[in-house]
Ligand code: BGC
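What follows is a single chain, given as structure tokens, in the form predicted on its own.
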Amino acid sequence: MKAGIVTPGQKDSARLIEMDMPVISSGQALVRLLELGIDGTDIEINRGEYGETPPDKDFIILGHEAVGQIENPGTTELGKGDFVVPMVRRPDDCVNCQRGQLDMCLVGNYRECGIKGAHGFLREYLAEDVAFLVPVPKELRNIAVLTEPTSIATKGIEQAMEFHNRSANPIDIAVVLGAGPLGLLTTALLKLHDYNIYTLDVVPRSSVKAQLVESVGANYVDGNVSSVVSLADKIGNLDLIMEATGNSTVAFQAMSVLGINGVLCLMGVSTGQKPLEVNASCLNMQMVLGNKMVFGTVSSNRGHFERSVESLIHIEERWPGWLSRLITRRLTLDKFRDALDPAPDNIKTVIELT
């Protein structure tokens, strides 16, 4: 079978190789992978910024956003032809991992497919334990590749709402920073709760991203016209901010404008060594006197995946075709390297594996 691999730490090492077909063991199913979504993590790994090979390997199969179809269910309860989404993280022996909260690992010895210590899903076939395969209905087949990023947004929103519940005032105004795939999915998930949503990015109002924001009833904010630091003055107390840019400057700006009793969820990962000067005393005073909450979130567990499948169904019912518009480019497996050099106006690139 064909697989797309990289050598972590080596810039622009992405290449296609031939590998042996996987063989299933007890409790595993053979999955024919259909589609794989490319995101910023894949691009950064190919740039040599991070990534960790599986034991005794000098490469890693890329990719962690996928949908596939059961080719051979083996001894599992899955059926041949069922559609599934593979989970990304594999647990270690810490108490949280062993209780199914592998996204809340305490010691960091977990493995993440396509990222850290385990091969990913940019390949034609996968032998996987049924515990890490999440069924999806056939009507989601063409958008199920969005399940993994939706699970990240789902977890972040659930945790943010739980933190905000410490205050009696309900969430009224929610801000999403970034209109990439994660930011757009977050926008739609929040609109399912009918909050007043403002999504900010630095593309013009005529862009596809802005149109997607407004087509679900959210308000698009052009960051070139209205900056992050001006948001509170223009729209009121910011009860909830979901940061999806991975830009450390934006993250600290969000802390400074967060409203009284507000909650800020950081979903993006900042890379590099860019220094940033902040007034720490002023920021500390604002956070304490305003009862403000800032937290980070990463990865997701099976429950988040399952609830994301339900949310994708609700989004598709409420705004038919909207999710499909997030996929702006499709490439065949032999062209996957082109996906690692993103175009400025692209939202989500999907690799068609079969």
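Source: prediction; values computed, not measured. Sequential numbering from 1, following the sequence displayed.
Form predicted together with the named molecule: not shown, discussed below.
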Exercise for the section: Identify which of Leu240, Val145, Leu190, Val88 has a heavy atom within 4.5 Å of the named molecule in the model of the complex; exactly one of them does. Expected result: Val88
Completion exercise
As a check of understanding, the residue in Thr41, Ser311, Gln28, Thr53 with any heavy atom within 4.5 Å of the named molecule in the model of the complex should be identified as Thr41
Practice task
Report whether the minimum heavy atom distance between Ser299 and the named molecule in the model of the complex is within 4.5 Å.
Solution key: yes
Practice task
Find out whether any non-hydrogen atom of Glu128 is located within 4.5 angstroms of the named molecule in the model of the complex, and reply yes or no.
Solution key: no
Handout entry: the named molecule contact in the model of the complex: Ile152, any heavy atom under 4.5 Å
Key = yes
Handout entry: 4.5 Å heavy atom contact, Leu231 and the named molecule in the model of the complex
Key = no
Exercise for the section: Mind telling me which stretch in 291-299, 316-324, 29-37, 53-61 gets its heavy atoms within 4.5 Å of the named molecule in the model of the complex? Expected result: 291-299
Handout entry: Within 4.5 Å of the named molecule in the model of the complex: residues from 110-139 (heavy atom criterion)
Key = Glu112, Ile115
